[in-house]
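Below, in C-alpha cells: the form predicted alone, a single chain.
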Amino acid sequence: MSSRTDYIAVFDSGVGGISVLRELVKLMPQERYLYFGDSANAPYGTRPTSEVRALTLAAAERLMARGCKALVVACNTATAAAIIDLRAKYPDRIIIGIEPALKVAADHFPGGEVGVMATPVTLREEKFDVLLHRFTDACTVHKIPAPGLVELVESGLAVSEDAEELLRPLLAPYRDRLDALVLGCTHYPFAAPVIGKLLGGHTALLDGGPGTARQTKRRLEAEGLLFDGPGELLIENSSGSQEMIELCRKLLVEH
C-alpha cells in the first residue's frame, strides 16, 4: 500500500529525464523525488528492444524496493519498449510513461509540417507507430532519427560546437520548413538552443515533459497521494560517477 510520503521515482537511461524532473518539481515542489539515471548503459536508443525492456524492468525493481508511490518513466525509448510490462508487473502502483508531444503539435498546427526527432528505437516501436497514425490526417509528420545526440548530452555537450556539427546535416533539409519539431527523447530539450538555431527562427520546439508532469499530478490526486511536505530530491546514477550527479544538478537548475 502506497503512502503519501513515499517517493515519486523518476527513471531515465541517463541524464535526459532531468528535463521531466524539472517539470515535476516546478508543478509539485512539495513532493519527495528519487531520480535514477542508468548512464552506465546509455544510450538505450540504439539497443535492441529486448535489452531496453530488461534494463528498464531491472531499474524499476530497484526503485520499487525503495518504496515509491509512483514511477515516472522519463525516457521515450524505455516507455516505448517496456511500459506495458511495467504496468502488468506493478498493477497497484502509478506508472506514468512519456510519449512524444505529437498531439500538442497537431492541435497547434493543423495541416502543418511537423518533425519528430527521436532515437531509432522510439521511431521503430509499435507504440510510436500507433501514435503516428492517430495524427497523420491532421498534419504531415517527418521522422528524424538523431543518433549520437544522447551521448553528447551525457557528456555535458548539449550546447556545443560538437552538437552543432552533429545536428547540422540532420536538420538542414528541414530548415525553415517545419512548423514544429517534437523532441521525442528527454535528452533533446537540453540541446534546444542548437536545434532552434539550425532550424530557423519560426519552428516551435515541443517536448513531453510538461504533459507528463501534469498527468502524474492528476493520477496522484485521484489516488489521494499528493504530499504537502518540504520537498526532497535524491539523484542517483548507475555509473557511480559523482560527475554525472553534478551534471544532473546543473541541468536541473540551468534550463
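Residues carry their position along the shown sequence, with the first being 1. For clarity, every value in this text was computed on a predicted model and none was experimentally measured.
If you look for the form predicted in complex with a small molecule, you will not find it shown, but the lines that follow are about it.
Visitor: Quick one: which of 114 to 122, 171 to 179, 132 to 140, 86 to 94 gets within 4.5 Å of the small molecule in the predicted complex, going by heavy atoms?
Guide: Going by heavy atoms within 4.5 Å, the stretch is 114 to 122.
Visitor: Quick one: does residue 209 come within 4.5 Å of the small molecule in the predicted complex, counting heavy atoms only?
Guide: Close contact is absent here: in the predicted complex, residue 209 is far from the small molecule, nothing within 4.5 Å, heavy atoms only.
Visitor: Does any part of residue 37 reach within 4.5 Å of the small molecule in the predicted complex? Heavy atoms only, please.
Guide: No, residue 37 stays farther than 4.5 Å from the small molecule in the predicted complex.
Visitor: Decide whether residue 185 counts as a contact residue for the small molecule in the predicted complex under a heavy atom distance cut-off of 4.5 Å.
Guide: Looking in the predicted complex, residue contacts with the small molecule include residue 185, since a heavy atom lies within 4.5 Å.
Visitor: Taking 4.5 angstroms as the cut-off for heavy atoms, does residue 150 touch the small molecule in the predicted complex?
Guide: Judged by the heavy-atom cut-off of 4.5 Å, residue 150 is in contact with the small molecule in the predicted complex.
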